[in-house]
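This document opens with one chain alone, in structure tokens, the form predicted on its own.
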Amino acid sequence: MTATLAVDDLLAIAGDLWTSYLGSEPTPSIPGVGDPAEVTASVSIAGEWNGVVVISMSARTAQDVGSALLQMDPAGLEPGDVDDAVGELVNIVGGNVKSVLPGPSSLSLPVVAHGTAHVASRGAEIVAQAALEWLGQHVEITVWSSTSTEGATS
């Protein structure tokens, strides 16, 4: 099933979540202008609508997400803490994206990888893409439609 998801929808979801869970609202940015992603997290949506939600960011931003979400000093975070926090962030964003798309559908467990996602190689196409600036760092959120329900990272 085709569905529309506007960039403004993603920005509204991100704005609410960043404010609620990370303590400060991000500002909109331009996709593709940030440094290459060092941490990529994804969740798949399967059901009436199939696709993948991908969040990519720098390692520093992932550390800041871990610190804010777990309410810990960044120096006290273990790499697994940071991965868990980024995975939880994409899980929350994916759940909110799922709620505005046709259902019923389910959400996969999050997958966190160090590097970029290669969703396009599986024939997926971008439905919506938004970029944010948070704490001076670039974050991208991309929603892909797909006939596959596999995880987004490779």
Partner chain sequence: MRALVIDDSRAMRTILGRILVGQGFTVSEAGNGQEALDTLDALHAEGDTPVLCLVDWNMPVMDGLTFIKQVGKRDEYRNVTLMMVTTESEHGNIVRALAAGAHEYVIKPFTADAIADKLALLGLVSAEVTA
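Residue numbers count along the first chain shown, from 1. As the structure is a prediction and not an experimental result, all values here were calculated from the model.
The same protein has a further form, the form predicted in complex with its partner chain, not shown here; the description that follows concerns it.
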query: In the model of the complex, residue 59 touching its partner chain (heavy atom, 4.5 Å); finding: no
query: Residue 113 within 4.5 Å of its partner chain in the model of the complex, heavy atoms; finding: no
query: Any non-hydrogen atom of residue 95 within 4.5 angstroms of its partner chain in the model of the complex; finding: yes
query: Interface membership of residue 50, its partner chain in the model of the complex, 4.5 Å heavy atom rule; finding: no
query: Per-stretch contact check against its partner chain in the model of the complex, the hit in 103-111, 123-131, 50-58, 26-34 (non-hydrogen atom, 4.5 angstroms); finding: 103-111
query: Heavy atom contacts to its partner chain in the model of the complex at 4.5 Å, residues of 68-91 in sequence order; finding: 69, 70, 71, 72, 78, 81, 84, 85, 88, 91
